[in-house]
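Only one chain is given next, in structure tokens, and it is the form predicted alone.
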């Protein structure tokens, strides 16, 4: 039996959805994109283009929900399926778009560059419990105008896993779409085997910017999956209560579902979010707060009630170093997310309120993900009945270390973490150098990067990616891309 976690009764879920519908119909959404406003108007919504405002009807919402997919699949660079984002299936991906990286040598945060990103992508190739990569942080040695595409470019070159990404500008999307087509060979093949998920973010409260709504429409046009990342903050730009925040999150996310489905019925999407319990004492947005994690799980329950696959930002920490707080918050978020059945969990590697990535934390989090995946499999008999012969063997031999029952079931029954997690006795730990968690994690990072093997991306595809990136960079004054080795 798979263990499950639920926070909301069915009646409460339905009341939250009803209140969200009322918000969309009565207060509407501020939308700063004329294409989106026209799309809504064409389908019967009341629109005030001058005020950039639209009011959603029940008919529009019902129509959108009727065509939204209950799940979809993702594929890697080589066209192999990696994700079935449906039901209770859970996958992890690193947190996205950090502006800093934690430098192991100095113990301080700094701005990342191309070499950092290449190391990250190579490391991600061997993170067995983290199924997709993300465009995890922003290299600062290329012009700002091309950083969105540059992160995707490096990801596709150095790691075969699908990519959770996004664009901070309207112009970036076209290049990022062309890169995916270059890998797949045609736009039809890209539609058949999606390679990325784009994060699209409404602005709390009840608003879509021109950039994010255009990204949403562009993704729908090309059947590129999106995840809606509504970001209410309790007591600041959403109600202080969890239920009130859920109403706002539901309204903002329903508006995204409507826009996607009106544009292209059946376009793939995840009901996602990155809400936070605003800490009024420090004026911060703690992603490791238990209330934040409860909201994440509850949001997923609402999305699944509506028949949609789900996403959340969890399994991350607000700590500034790889310390006990980092492990505590990440483990709690990962555990709750798996028990809640959130389909795509974004967060491993992330520190400091989603602003910093750590490669050492990433390898620790890979083990955390492995542990919670074992938890999700639950408990079931594996050749345990009848029990009498096993105990007769135990009494006869004094142990079961080499029994058929042990050898048959050991690997399936137990998750064995990497050496990042210390399970040696104290004397052995001392003999091996008395390494700290950070030192063990760094050693694992270096070993994984050393063992990296090329992705299998074809020579022609790689040349086309490089050509696309070089042409874009030259437009913004960069004559030569940074060295990647």
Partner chain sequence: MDLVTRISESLQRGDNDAVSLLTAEALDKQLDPQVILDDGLIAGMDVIGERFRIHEIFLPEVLLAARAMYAGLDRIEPLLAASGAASRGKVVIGTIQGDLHDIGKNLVGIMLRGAGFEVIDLGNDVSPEAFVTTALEEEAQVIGMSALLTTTMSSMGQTIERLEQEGLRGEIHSIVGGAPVSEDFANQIGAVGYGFDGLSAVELVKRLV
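Positions refer to the first chain, counted from 1. Just so we're clear, the structure is a prediction, and the values are computed from it rather than from any experiment.
Keep in mind that the form predicted in complex with the partner chain is not shown, yet the notes after this line are about it.
Look at 386-394, 276-284, 299-307, 113-121: in the predicted complex, residues with non-hydrogen atoms within 4.5 angstroms of the partner chain sit in 276-284. Though the partner is left out of this view, residue 371 does not reach within 4.5 Å of the partner chain in the predicted complex, counting heavy atoms only.
Using a 4.5 angstroms limit between non-hydrogen atoms, residue 237 touches the partner chain in the predicted complex. Using a 4.5 angstroms limit between non-hydrogen atoms, residue 233 touches the partner chain in the predicted complex. Within this chain, residue 160 is remote from the site of the partner chain in the predicted complex, having no heavy atom within 4.5 Å. Of the residues given (223, 406, 125, 140), 140 alone sits with a heavy atom within 4.5 Å of the partner chain in the predicted complex. Put simply, of 331, 209, 89, 264 only one has a heavy atom within 4.5 Å of the partner chain in the predicted complex, and it is 209.
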